[in-house]
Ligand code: NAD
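Below you will find one chain, with nothing else, as structure tokens; this is the form predicted alone, and questions on how it binds or moves follow later.
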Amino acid sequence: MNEKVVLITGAGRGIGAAIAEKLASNGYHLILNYLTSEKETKLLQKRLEEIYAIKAICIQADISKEEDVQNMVAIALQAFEKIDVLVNNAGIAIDTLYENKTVDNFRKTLDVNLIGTFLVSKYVGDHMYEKKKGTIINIASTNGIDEYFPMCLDYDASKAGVISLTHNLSLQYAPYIRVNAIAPGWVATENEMRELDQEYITLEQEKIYLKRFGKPSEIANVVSFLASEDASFVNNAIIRVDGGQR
């Protein structure tokens, strides 16, 4: 098989779906992971197969569970024989006031955002390393760099961990696998815009040099670049995609 294959976690909605669309338009075959968004993911699969004449499969898996990840990678390799690109996009945020934070909230956030990214990277990365070729792209966040909101400190910590993980994996898998991360700022996904009131959106937009939130497609464009040979010497990089954020 000469065509490239990408595994995208959390592919059913928002940024994940935009990444799937962009890479399908580039001719990639798709492995679309989801946990709860079965309907959206299967509709996305069908639509992208029809429009771009690529092959796509959907796999339900909880990336925070090692057995689920092992099974997902096994199914993917059985279907396509290889994985060229991994996009670790799946993530959760449980935003509550600091005084209402619980250990369970914190642990669940770390389990999905950080441990899940580690597990998928390990099982896919080991396969790539055997083939001596591959690209891993982690979706982190500016919250993991220098944006601080106590109501999402568990999310912020998890994304800082993803950035650290990116640096370590780029060393672990050298010289065969490029490992990079994208750190989006505010992105106008359906979920995000539904949960925020207009006053808060206006306040946050004023902190962005471009005076607007990003689009999921704008994150997908950077993923497309990092996955391509145009980025063949880009490694161990954390790329902010935030419109200029202060």
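The first residue of the sequence shown is number 1, and the count goes up from there. What you see is a predicted model, and the numbers here were worked out from it, not measured in a lab.
Just so it is clear, the following notes concern the form predicted in complex with the ligand, a form of the same protein that is not shown.
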*Taking the shortest heavy atom distance, is residue 141 within 4.5 Å of the ligand in the predicted complex?*
yes
*Does residue 192 make contact with the ligand in the predicted complex, using a 4.5 Å heavy atom cut-off?*
yes
*the ligand contact in the predicted complex: residue 89, any heavy atom under 4.5 Å*: yes
*With the cut-off set at 4.5 Å between non-hydrogen atoms, does residue 165 touch the ligand in the predicted complex?*
no
*asked:* If contact means a heavy atom within 4.5 Å, which one of 50 to 58, 184 to 192, 204 to 212, 23 to 31 is the stretch that engages the ligand in the predicted complex?
replied: 184 to 192
*Just give me the single entry in 63, 220, 177, 44 that has a non-hydrogen atom within 4.5 angstroms of the ligand in the predicted complex.*
63
*asked:* Given a 4.5 Å distance limit between heavy atoms, list every residue of 151 to 167 close to the ligand in the predicted complex, or none if there are none.
replied: 155, 159
